[in-house]
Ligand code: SPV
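The form predicted on its own is given below as one chain in structure tokens.
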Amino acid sequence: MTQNPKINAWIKEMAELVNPANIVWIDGSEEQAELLRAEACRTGEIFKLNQEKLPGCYLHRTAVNDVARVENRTFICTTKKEDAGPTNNWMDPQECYAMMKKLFRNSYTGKTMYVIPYSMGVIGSEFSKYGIELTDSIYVVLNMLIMTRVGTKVLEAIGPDGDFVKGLHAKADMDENNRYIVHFPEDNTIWSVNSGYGGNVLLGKKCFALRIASYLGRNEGWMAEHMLILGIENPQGEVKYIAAAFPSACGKTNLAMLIPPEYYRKQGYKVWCVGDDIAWIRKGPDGRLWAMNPENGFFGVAPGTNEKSNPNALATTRSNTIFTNVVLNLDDNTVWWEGLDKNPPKNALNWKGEKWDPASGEKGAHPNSRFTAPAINCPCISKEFNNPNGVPLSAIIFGGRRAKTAPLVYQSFNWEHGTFVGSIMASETTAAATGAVGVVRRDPMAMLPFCGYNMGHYFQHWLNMGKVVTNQPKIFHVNWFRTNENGKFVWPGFGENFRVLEWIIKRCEDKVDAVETPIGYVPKPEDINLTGLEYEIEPGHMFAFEDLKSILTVEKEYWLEDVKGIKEFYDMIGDTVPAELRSQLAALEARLTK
């Protein structure tokens, strides 16, 4: 399939290790994909759904012990431990290879090795990077065909002597005590064993697109970020692009596919989705930062996705989608999950494949059940989605879930201060998450679980990028989750967040003023357009101008308390935290105590 001796030698070496019965190269053709689907249906790896209601859609169930990413079993293996940093699990590369080889040895006996050449990004783009994943799972093949650009064109792009990221995956015996997802950034290598769950085995996703790519980006002068990319089109047809980073449960996918309020839609405003999860960002020839989504599909959380929360995401799943760990409606062979609607099927199987009674109180779909859907299905996919040059960024947004501390939106003073704002990103836990309410969890740039090297060096890379970009995007922070004295969310969120995005774009265009505060620039309340907004915060209390003013306030006592937590977090990262960020922290504390 290829004249590249490095690829051929590596596949030969891996085949000798795992001992497959045969080897199949994935060429990216629909004919081959259809044969694989039929084979997976025959073995029970996937189930064909109602092809009239859900054309091209299938259901998959993972092992019961294999339903999510396993951060405690995810390792960065670098020669020096300090290169991985204190926030990553570290293992010596040689020790890790020795351990993993024992787990991989003969794990493909009697099975097929599928060779998946794939591109992260548009094939041929200067943004793009190429990989090859070896797997014994047709489920992985079918997901990679959706999530990445796969096939012989990738081998042509790698060429006779090009480099590639080497990925090896084996389901093995699904032993959760020997489940490992390990990364060797210095070798461009990812190995994953004893898992079949997408987040652990679709090696192009977090493993390559963030952990390995962040390491490559630092060495090569670009950025791999856990960010959505969206375009905002005004009535004149001009489009401005924003990248945004949010920790989990902060509305990232909803924002990526946002539908503007009716008031704005009637004027001609539109929102276009370029990406919902990952952005690769480079300096363009014009001195601006340009961003590209390296993925080709969405790997979204199903529960809570519905016509109100995210109609575009729901529409995306209606064809050529793989559903994982959701409810199977036996009456019409379709799928269901909690939060889809209020009509759970009476005759159904739960995510484990067991008979399920919605009246039992047990959830039918796993809380982390997923859909893998082609991006091209999305009604609001940007026409720039396949642009090899990416899109120019006007703004970068960081977000968190804070009940009282952060205002609805604020702007950083400059790039260095914006990097500081990203580095202190945090969310407070909810009762649903952990049982402990209000615990502050730091997740700088939403990258804590995904940075492939030392977090302090990552902060320095952000500062360095700011110095080489002459036309920097402005940096903002948003918080949709401010609560009142009764614990009710004051801001309506969802599509109404467009009103905040409008202010952000106006700031980028220098069309609106702001109030300088100790933490950054905060909007004047009258500059957030509330026309047509109707939202009942709690019975008898409709959202009003005074409520907006309340969530734009900067409460100094909360921020001073937060400063203590930031100091502890920086001290945990240690000496690699750049001096500039410690100076930013000291300056923040000084402004708050004036």
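For every residue, the number given is its place in the sequence shown, counted from 1. This is a predicted model, so every value here is computed, not measured.
A second form of this protein, the form predicted in complex with sulfopyruvate, is not displayed here; the remarks below concern that form.
Exercise for review: Quick one: find which of 203-211, 153-161, 382-390, 344-352 has residues within 4.5 Å of sulfopyruvate in the predicted bound form by heavy atom distance.
Suggested key: Looking at the other structure, the answer is 203-211.
Review point. Of Y197, Y458, Y139, Y264, which one comes within 4.5 Å of sulfopyruvate in the predicted bound form, counting heavy atoms only?
Key: Selected option: Y197.
Check your understanding: Heavy atom within 4.5 Å of sulfopyruvate in the predicted bound form: which of Q94, S248, S319, N234?
Key -> Exactly one residue meets the criterion: S248.
Practice item. Find out whether any non-hydrogen atom of H226 is located within 4.5 angstroms of sulfopyruvate in the predicted bound form, and reply yes or no. Key: Yes.
Practice item. Examine R37 and determine whether its closest non-hydrogen atom to sulfopyruvate in the predicted bound form is within 4.5 angstroms. Key: No, R37 sits far enough from sulfopyruvate in the predicted bound form that none of its heavy atoms falls within 4.5 Å.
Point to revise | 4.5 angstroms heavy atom contact with sulfopyruvate in the predicted bound form for F450 | key: F450: contacts sulfopyruvate in the predicted bound form.
Point to revise | 4.5 angstroms heavy atom contact with sulfopyruvate in the predicted bound form for R370 | key: Taking the distances in the predicted bound form, the answer for R370 is yes, it comes within 4.5 Å of sulfopyruvate.
Review point. Which residues from 261-288 come close to sulfopyruvate in the predicted bound form, meaning a heavy atom within 4.5 Å?
Key: Residue within 4.5 Å: D277 only.
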